[in-house]
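Only one chain comes next, encoded as structure tokens, the form predicted alone.
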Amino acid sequence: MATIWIIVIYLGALLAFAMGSKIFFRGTSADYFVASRSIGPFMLLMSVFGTTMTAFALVGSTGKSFERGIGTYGLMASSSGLIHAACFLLIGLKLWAIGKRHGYVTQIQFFRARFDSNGLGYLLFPILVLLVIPYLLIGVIGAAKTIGGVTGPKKTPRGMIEGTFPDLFESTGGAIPPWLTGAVICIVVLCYIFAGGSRAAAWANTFQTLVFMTMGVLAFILISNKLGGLGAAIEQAKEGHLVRTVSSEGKVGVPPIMFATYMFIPLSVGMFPHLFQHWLTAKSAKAFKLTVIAHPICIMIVWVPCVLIGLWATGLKPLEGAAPAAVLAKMVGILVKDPVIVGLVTAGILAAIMSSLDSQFLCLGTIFTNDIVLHNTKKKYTDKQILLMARGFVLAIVVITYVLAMVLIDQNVFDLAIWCFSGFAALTPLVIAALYWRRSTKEGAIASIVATTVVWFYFFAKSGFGGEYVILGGVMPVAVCWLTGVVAMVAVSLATKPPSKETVDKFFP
């Protein structure tokens, strides 16, 4: 029970810390949505990094490394470090400046004004919501798999060890069931999001990011020590890792063309609506400097241990046939015997998961309130009414996410995340054109969104709605989707009337 108590204490500390931000809450909608644009450099770094590092980074990368080997690091982490930083500098900083100058709090407000089109916002809203929901799902599924792996029965060299609650949860072998874990995680996040909005999310993300970075390094050190050190851990994994070389069908390993086209996926940060909202909370342009410099270093600190742990797991017989999403939790549960340490590491995994959930829940409430309810309305709402609408939509999204997560509980976290990221990455020609190409038009923007969405959905359906899928011997679908968006934007913009001089002068002063 020591492990469970550590997790309970962590959740309580997180709730107390995040709720503490309420003493600075000004009660206005601007404070709830963008923290009155008052977040400094360190908290901006922690909130941005925490938002981008999800169950995908910890649970997903470990599981994918277990499946495909060391190449998993190259697929996402190495390119993400550079591409994310470039997106923060070339996209995030410009959007912050425009948002502050014109008072925007959502992406859709910016795109509507930039392309002078109300319809563009109504087209983009459901697409953003449908892309964020899978992102939410991987958080809830990742948390359920982690807690299930830690508290469930384990196969060890000495035999089977029963789960933590064999009498209470007989159907899961004593493991805490997914429905309970998902409910607790969602309720905790809802509590502080309801209370303090974006400021509470920034505070919570700072606390959670420090926790999961520290605990990730701790897990790495403890597991490598239990395996006899780094050299011994790599040696014992060599035989198991042989099956992860490229087969004639290209089903395992990392083919070169796949490696190259994976680099489109990190572009997704340029279109994340929750990251856009975090950018707008920055106090000044100088606040971005630390994020651009330190973000790649933080990625390395998190991804290297997780990928190596997944690689080492290939050499452990007790993990043969294990579900990829449960590998990290099982490695900790089997090799690290101290229940306090197991609890701390599990808390770190939950921290990574929850640091994204809060921002995503909040951003959906924000765009619904500002871009659907308040947009074009003549009725004047009070701040209290606006906050009530935002919180109501957040609650609805949480319920939908929870139900879908329980239905899709066996889905591969890494692959589901890749489809989510691919959708956002494929939309980046829209934001790049909006910021850097004066000649881009609303017709070009609409054509780009529609064409990209149709092609993405076609590939998503071909994958079985969330499985791994490549074309032409290893090309990632995101590359085709992205190029489709570029061609549609350029061709239709050049074939239609240029934007008005007022619009150009407003966004290209």
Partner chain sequence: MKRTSLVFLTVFVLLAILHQDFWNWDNASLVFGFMPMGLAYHALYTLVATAFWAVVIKVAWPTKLEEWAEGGEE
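Note that the coordinates shown come from a computational prediction; the quantities given were computed from them, not determined experimentally. Positions refer to the first chain, counted from 1.
As for the form predicted together with the partner chain, it is not shown, yet the points below apply to it.
- Of the candidate stretches 188 to 196, 278 to 286, 204 to 212, 124 to 132, only 278 to 286 contains residues with a heavy atom within 4.5 Å of the partner chain in the model of the complex.
- For a residue to qualify, one of its non-hydrogen atoms must sit within 4.5 Å of the partner chain in the model of the complex; all three of S78, I98 and G231 qualify.
- This chain is drawn without the partner chain; in the model of the complex, the residue among G119, G392, P256, P166 with a heavy atom within 4.5 Å of it is P256.
- Checked against the partner chain in the model of the complex, the residues I70, L483, V450, V475 give one hit for a heavy atom within 4.5 Å, which is I70.
- Within this chain, P296 lines the site of the partner chain in the model of the complex, having a heavy atom no more than 4.5 Å away.
- Taking the partner from the other structure, the partner chain in the model of the complex has a heavy atom within 4.5 Å of a heavy atom of M300.
- The shortest heavy atom separation between V340 and the partner chain in the model of the complex exceeds 4.5 Å.
- The partner chain is not drawn, but in the model of the complex it has no heavy atom within 4.5 Å of L408.
- Of all the residues from 72 to 96, those having a non-hydrogen atom no more than 4.5 Å from the partner chain in the model of the complex are Y73, G74, S78, S79, G81, L82, I83, A85, A86, L89, L93, K94, W96.
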